[in-house]
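To begin, one chain is listed below as structure tokens, in the form predicted on its own.
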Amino acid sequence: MPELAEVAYYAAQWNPGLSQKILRVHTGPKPRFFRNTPPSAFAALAGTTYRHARTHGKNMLFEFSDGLWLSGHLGMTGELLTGPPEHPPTAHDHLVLYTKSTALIFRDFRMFGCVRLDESPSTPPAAWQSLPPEILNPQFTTARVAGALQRHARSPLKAFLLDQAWFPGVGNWMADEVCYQLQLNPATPSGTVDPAALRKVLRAICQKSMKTIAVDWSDPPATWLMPYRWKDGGLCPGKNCGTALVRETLRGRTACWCPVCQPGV
């Protein structure tokens, strides 16, 4: 599933439509893609102007005039893209917003993604405002991290990092990267982790990802685990290491680590 920086990248793909009027709306025939909103309701976007995009972790929010807000997430295979203004919808184009110069497309082959439409005259919808502090938000404090670790003290660190209520935007590869940079085994009990160190590493990974992946899909540093974690025969990038990486299932999710730099617990 796309994570923090990937979501930001995809949201920016609709930037060519900013400040443009939505001329017409196409909704696909799969109603479950339109969570909590009847597909016919999206016709209300016709005649509005696309104003702004923002992301929060794995969530996206698009502001339109007339107090309308389109929110959603990409699921596992969703993507946002643009096409020519006469773009013919494919079977997997579940939402298309047409402007004079471009078509804004939400495509999802497996329909794990979703969108909804809310009306809020001057501020984002209440559901958006109730989301937890993002990792790069000043409210994501060491005290907050410490409290979270103690509340889930027995949970394996890798599994706990995937909890969106505490770590918005962190997914499988980012959680592995955090464990790698902390030099901790993914199975390390969360209650034993230094909260200040965890916060520092989380923020550093998010900041770098937002300057690389989120901007142009470029790769993070070669010293990170991420470029090697899915390679068959992938080796640890650590200085003077080069140990074969291990991939095993932990709490239903694949974890990748270096058995030398991140010894077992």
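Bear in mind that the values here come from a model prediction, so they are computed numbers and not experimental data. Residues carry their position along the shown sequence, with the first being 1.
The form predicted together with the DNA exists for this protein as well; it is not shown, and the discussion that follows is about that form.
The stretch that touches the DNA in the predicted bound form, counting heavy atoms within 4.5 Å, is 70-78, out of 128-136, 177-185, 98-106, 70-78.
Site residues 30, 112 and 173 are all in contact with the DNA in the predicted bound form, judged by any heavy atom within 4.5 Å. Of the residues 124, 195, 83, 156, just one reaches the DNA in the predicted bound form with a heavy atom at 4.5 Å or closer; this is 156. A heavy atom within 4.5 Å of the DNA in the predicted bound form is found for one listed residue only; from 13, 254, 19, 243, this is 254. In the predicted bound form, residue 152 approaches the DNA with a heavy atom inside 4.5 Å. At the 4.5 Å threshold, heavy atoms of residue 208 stay clear of the DNA in the predicted bound form, well away from it.
Not displayed here, the DNA is approached by residue 92 to within 4.5 Å at the level of heavy atoms in the predicted bound form.
In the predicted bound form, the DNA sits within 4.5 Å of a heavy atom of residue 58.
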